[in-house]
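Quick setup: one chain, the form predicted on its own, written in structure tokens, and binding and motion questions come after.
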Amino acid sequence: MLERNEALKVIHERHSTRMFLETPVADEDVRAILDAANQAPSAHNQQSWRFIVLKGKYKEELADLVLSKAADFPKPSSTLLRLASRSIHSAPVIIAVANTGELIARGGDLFNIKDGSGVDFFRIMEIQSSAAAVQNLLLAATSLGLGTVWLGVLVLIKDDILKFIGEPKGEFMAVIPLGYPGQSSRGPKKKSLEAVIKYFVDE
């Protein structure tokens, strides 16, 4: 099946890359990757996400910010933050993804909820939507021969990063280094399907 289905092949090929070559990434490739991210499903098609591209000195300043915050945390968090800083420094392009909060702000009107009780509902939907956009981004990059890594540990300093990229405080933030892999590697072995599937079927 993988041999004749390019989408499935890309999904299986995608894995995290943490060190990158200095080779620049073409602007047209970055735009194609962001366009793929923007095609992700989103709650009520609100597309309440923002993509921020950092290169050059801005990328280096972000790496320095992450490194400076590492000392505020105990191991292993501090170690992971230092490794994240190295990945940011190594990659020629960084793409940050942040929720805009627009769905949270407009959700009450969309669903005729006036007492604010739907905030958690809309917050979760924004997170789900942006996460889907990030996955599209990762897969699009893989399809173009590029490497990526979703630096999840940066949620520890989420507010600092959102301030740095000029976005309001929100529930979702992702930072993805992007570039050509510095070395050949493969992702970790996944659990078997039998370990993660549960069936309810009427036969």
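We call the rigid core the largest set of C-alpha positions that still match within 1.5 Å between the two forms. Residue numbers run from 1 along the displayed sequence. Source: prediction; values computed, not measured.
Keep in mind that the form predicted together with a small molecule is missing from the display, and what follows is about it.
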{"property": "Candidate spot S16, V153 and G187, all three touching the small molecule in the predicted bound form (heavy atom, 4.5 Å)", "result": "yes"}
{"property": "Position in contact with the small molecule when the complex is considered in the predicted bound form, options V149, A63, A70, L144, heavy atoms within 4.5 Å", "result": "V149"}
{"property": "Exceeds or equals 2 Å, Cα of F172 between this form and the one not shown, core fit", "result": "yes"}
